[in-house]
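Shown next are two forms of a single protein chain, provided one at a time as structure tokens under the names structure 1 and structure 2.
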Structure 1
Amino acid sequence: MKKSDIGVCIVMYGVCAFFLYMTLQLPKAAQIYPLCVIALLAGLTTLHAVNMIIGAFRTGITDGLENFKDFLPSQFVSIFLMILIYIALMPYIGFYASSVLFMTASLLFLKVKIWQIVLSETAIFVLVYCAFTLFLEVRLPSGTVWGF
């Protein structure tokens, strides 16, 4: 068991509690699907916690920081700033345009090959379009700049 995994479980239970609180504010008819997702997330987090406890008895407790030995703070901060810019741009230029900019900028920053970027973006946008626009009929933000 890694000490860092304890924090992950605590955060995930916090996320479940937050979304449970928000879901209970919805009308009863709209609560079914979110409650199922929350229950699934809580169940998986519990399975992970049980697995951690079993691992602690078998192998002991480790620090868990060895996974971060190659951590680059500048890379983390850069991607975090890109995420903030992505969130800020979405209401103005829309979901698809801001997502293309974000994905392209972040993948180029992480030195991903151009053909992999194009393939990734194409696959993601086909899946998002089919799932949200066609299947679920959800309107994604189109942006105020385009006047839609």
Structure 2
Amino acid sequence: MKKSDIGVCIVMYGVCAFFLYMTLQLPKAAQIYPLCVIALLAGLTTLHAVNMIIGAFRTGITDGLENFKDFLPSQFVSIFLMILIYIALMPYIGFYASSVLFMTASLLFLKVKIWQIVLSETAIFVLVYCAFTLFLEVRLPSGTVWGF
């Protein structure tokens, strides 16, 4: 049994409870299908929990964090925060400005050489401009703060 699987089961039960609460707000006829799916997910999670308990008796308990052995928390959290800030800033300062900020900040954080930063940013923005602005004619967010 892996300790991490306990978390998986808790999250899955949480998802079931959340959807169950919302399903009960629906009219009766619309409840049946979501209830069946919730029951399926809850049933499979229970089966997994039972397997875990049997496994704990048979093979003991491990932390189950093998997938995290190379995990660098500070690097991951920093980049994830940068992504969140990037997406949050996009409607305000526009796609290109926020992307330049995000890419420069993350590449500097990851210790990429300046000439590589300039080269990779140029390549990405030329690609995005040609593919999305010229070819697909997508109107990318221009940013509310600039008053466009």
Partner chain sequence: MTETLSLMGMGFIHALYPVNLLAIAAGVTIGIVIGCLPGLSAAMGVALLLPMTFSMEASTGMIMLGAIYCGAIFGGSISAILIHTPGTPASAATAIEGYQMTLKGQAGKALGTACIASFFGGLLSCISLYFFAPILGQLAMKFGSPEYFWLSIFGLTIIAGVSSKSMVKGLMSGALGLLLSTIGMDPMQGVKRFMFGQSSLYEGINVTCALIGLFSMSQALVLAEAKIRQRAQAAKFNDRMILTKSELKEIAPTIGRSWIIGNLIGILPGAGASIACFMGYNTARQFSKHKELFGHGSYEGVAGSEAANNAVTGGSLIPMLTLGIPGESVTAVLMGGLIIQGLTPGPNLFVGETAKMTYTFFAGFVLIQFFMLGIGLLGCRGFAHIARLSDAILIPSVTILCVVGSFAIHQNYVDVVIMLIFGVIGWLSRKFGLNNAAIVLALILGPIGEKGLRRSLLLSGGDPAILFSTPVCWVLIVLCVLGVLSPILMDRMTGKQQDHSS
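Keep in mind that this is a model prediction, so the values were computed, not measured. Think of the rigid core as the biggest set of C-alphas that the two forms share within 1.5 Å after superposition. All residue numbers here refer to structure 1's sequence, counted from 1.
The chain appears twice here, and it is structure 2 that represents the form predicted together with its partner chain. In the core-superposed comparison between structure 1 and structure 2, L20 has its Cα shifted by at least 2 Å.
A displacement of 2 angstroms or greater separates the C-alpha positions of V11 between structure 1 and structure 2, with the rigid core held in common.
Taking the rigid core as fixed, one finds a CA shift for L101 smaller than 2 Å between structure 1 and structure 2.
Comparison between structure 1 and structure 2 places the CA of Q31 27.2 angstrom away from its other position, after core fitting.
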